[in-house]
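One chain comes next, on its own, written out as structure tokens in the form predicted on its own.
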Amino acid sequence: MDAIEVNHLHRVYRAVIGVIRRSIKEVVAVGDISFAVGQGELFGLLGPNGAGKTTTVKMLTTLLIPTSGDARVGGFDVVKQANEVRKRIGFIFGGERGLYWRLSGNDNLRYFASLYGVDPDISKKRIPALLEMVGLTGRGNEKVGGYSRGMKQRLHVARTLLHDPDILFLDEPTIGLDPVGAREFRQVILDLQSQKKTILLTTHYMFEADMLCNRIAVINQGGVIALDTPSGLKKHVSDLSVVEVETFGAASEAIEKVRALSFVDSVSIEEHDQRQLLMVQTQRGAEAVPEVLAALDGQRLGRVVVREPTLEDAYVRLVGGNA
């Protein structure tokens, strides 16, 4: 039996529009999603903002009721057997919500242990072990308000594991963390998987998904458009190379000229303070560089690199990322 089974899950929101002449508009958050996650698997959900990742997680954690379709978590229906599902799951949403900052780390964990119905004798032994596991040994008596963001996120993990759930949902858990904190948190995730926990992870960081996940589902516009291992997804761009061009305030007209080149598959842009990084996907490799630079004539340019495609490049091709 799979740890998570999702069958044609669908969720529609109804929004009231207008003041005098009101009308109801239906917004499809999740269109038709199906996938399964095996026992002990670390499974990733990738997709642009608004694709339906968080809505899917909220339905699987019983926080939202599906409009149609069904899902089972730990063998239990998320609607008809919601209480059984809740006993077996833990979830972490990105950010700093869900902790009491005026209490110490230990007091937070004791409080949540009582909410989870954990026997006090068990929680007394479990809390120090969890603090050690997440790297907060010796910090449990400090108020959470004095913790760094990374420490708060690690305390979230300890809180989530108080009742020893088999299945974990991590919704963008490293968002906003500094590089050191994010690296430490990724190690915590790997440690959890080594304990045979089933983990469903959503993230916007492609390198993170590539490093952590056994399989990945890419969703866009409310549906699954690809499902494979990270290496399998990269095969979608095995025919491409990527030309990276560093620019400084390049005009939109010049970027459109690059997009219009017949041999260009797609162009995506990363903003880095005063500079931009243009990533041009093309089958021509280094041969494309002269014409790309000619299209950018008159712009301030920095380094130019030709590299092999990554999981991020596969993601851009799959979701149609000309942005």
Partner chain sequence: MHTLVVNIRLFWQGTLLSYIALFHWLRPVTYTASKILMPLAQMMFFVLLGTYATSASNINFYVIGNAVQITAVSGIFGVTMSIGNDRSMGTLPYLFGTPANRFALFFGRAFMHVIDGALGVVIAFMWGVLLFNLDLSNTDLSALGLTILVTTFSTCALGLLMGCLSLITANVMFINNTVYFLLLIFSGANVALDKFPLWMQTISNLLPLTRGIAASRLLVAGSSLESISPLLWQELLIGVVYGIIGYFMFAAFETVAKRRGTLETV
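Between two forms, the rigid core is the largest collection of C-alphas that superpose within 1.5 Å. Positions refer to the first chain, counted from 1. In this text the structure is predicted, and so the values were computed from the model without any measurement.
The same protein also exists as the form predicted in complex with its partner chain; that form is not shown, yet it is the one meant from here on.
With the partner omitted here, the residue from R110, R72, H236, K197 that has a non-hydrogen atom within 4.5 angstroms of its partner chain in the predicted complex is R110. Listed residues R183, K143, K80, K124 were compared with its partner chain in the predicted complex; K143 is the one with a heavy atom within 4.5 Å. The stretch from 172-180, 225-233, 242-250, 152-160 that comes within 4.5 Å of its partner chain in the predicted complex, counting heavy atoms only, is 152-160. The shortest heavy atom separation between E132 and its partner chain in the predicted complex exceeds 4.5 Å. The closest heavy atom approach of L212 to its partner chain in the predicted complex falls outside 4.5 Å. In the predicted complex, S268 stays away from its partner chain, with no heavy atom inside 4.5 Å. Put simply, Y116 is close to its partner chain in the predicted complex: some heavy atom of it is within 4.5 Å. The partner is not shown here, but in the predicted complex the stretch 98-114 reaches within 4.5 angstroms of its partner chain through a heavy atom at G98, L99, Y100, W101, R102, L103, D107, R110, Y111, F112, S114. In a rigid-core overlay of the protein, K196 has its C-alpha displaced by under 2 Å between the shown form and the other one.
After superposing the rigid core, the Cα of E142 is displaced by 2 Å or more between the shown form and the other one.
The Cα position of K152 differs by 2 Å or more between the shown form and the other one after fitting on the rigid core.
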